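Two forms, one chain: they're shown below as structure tokens, one block per form, named structure 1 and structure 2.
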Structure 1
């Protein structure tokens, strides 16, 4: 398959071979209008797991690209987080506002069930816990569920807790202490996770400057935790020790890097680097980057506890989230030993774990 442009401007199999994907699975059900793509990247560590996105893709290739790219991201995220799962992702082509139905999600559930546990789905952009309940009617292979069905409950606090662990490891490395007391932190976004990041930082005694596209919301949060606020476009240039992107992706780019005055970037947003080279630029500028998928793995670690141990246990799950600190220490060691930027060291760390387990499996 040769698409016109973009990263999938190659044959499907060439792409799958290049990044060693195991399977790509097309699901069609005329009766319900279901058109879904499930990508299974690498199941060395465990079943391919990752959320189910629903989106009005303009082109079929964009849906395939999304499924493939996101599945691979999940492989790295789980591997680095010490979770025994592989990377997978489902994508439904359709408008989440108008094209959802019980029948559609149950049709997808039946297709997922055929894979017999090789792929485990969950909530993602465009899907809700209610949609997961429909899928769950047809298959047990759903991780994100309401608590009455065995789900973990709200995970945002644990994502935020993980972000703080990663930040503390970086802080210890740079300043010799875990304590964030008195440190000036600029937080971008006080949504579900960002709010909890602010809360935890306030508890640590950090000095906070926050913003949000909803500035009224930022002001309310600021009042609660004794923070300052700035306009959304001013957050990059705040004179601070730590910049914490907790909202949009691609905020570390050619425009923002020259503005940054921090020593550390550590936040819970996905895909913070616009391109890989922006990780190099941070490094050159002497800014320490906590890789996004390490910093925001807490929710995933917490959420998937049930898959590892049969039943969700909040204490055990939280303990495993806390280990992000040690993971970040290991990544810092690799970065130092191999003289590479931290974003590359995180990939190296994940790949090494998969490589080691692959060897064990081949015995």
Structure 2
């Protein structure tokens, strides 16, 4: 199988070998309209775990790319966060506003069940706790569930909380204090997580500029928290201390980096760097980058507490999310000691843990 320009110009197996993926599954059910991809990256630490995303991809290869990149990101996220799970992701091709149904999610649940625990799914962009309940009707391998089913409930506030912890650690490194009072922050995206990022930044006393492709939502959030709004394509040009990407990925790229007027990039979006070299370009420009999978690990840490300990405990889970501050400090130390950009330091931090546990499992 070979595609045209871009990501899948190479053979899929070549790409999987390059980044050492384990499995890639295609799921199709004509009766329900399900077209889905499940990618498993690395299960050294535990079962591949990651959310189920539903999105209107322009091309099938875009969905495959998203599933693969997100699965690998989850491997690194869990490893760096000290969670004993591997990286996986499910992607449904479809419009979450018009094409959802109970049958569609239950069909996906049956496919997930066939994997017999190698993949555990959860909520992600375009899916909800209700969707997870439908999947749960067909398989026990669902982590994100409402509290009445033994789950953690909504996790987006904890993803946002973790993002703020990572940002504070970076801010302290640069400015000697983790107080964000008076700092001007440009937030891109005020969806389920971005909204809570804005809320927490407002409590910190930050001055906010926000945007969202849903202009009415942006106006409502701005009115609630006293923020300014700009058009979506103007957010990169905002003169600010911190740029916080909280929408979709690949927003740090050749076109946007020259526009940035900030000291720190720290947000909750996945895969913010379009390519690894864009982390180098940020470094060259003197912009401190908080690696995305460090900043946005809070929700997964909180959500998977019951997988680690058998039963969800809110206080314990929240304490573990707060440790993202210390994780970011450790990554800053590696970057300084080894004279490398922070995105590379985060990768090394995660890879060292995976390598150590692999050795343990070989005993």
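Worth saying up front: this structure is predicted, and the values here are computed from it rather than measured. Think of the rigid core as the biggest set of C-alphas that the two forms share within 1.5 Å after superposition. Positions refer to the first chain, counted from 1.
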Form predicted alone - structure 1 or 2: 2
Pivot point of the rigid parts between the two structures (hinge, one of 201, 40, 54, 151): 151
Rigid-part reorientation between the two structures, C-alpha based, degrees: 19
Core-aligned CA shift between the two structures for residue 137 (Å): 5.2
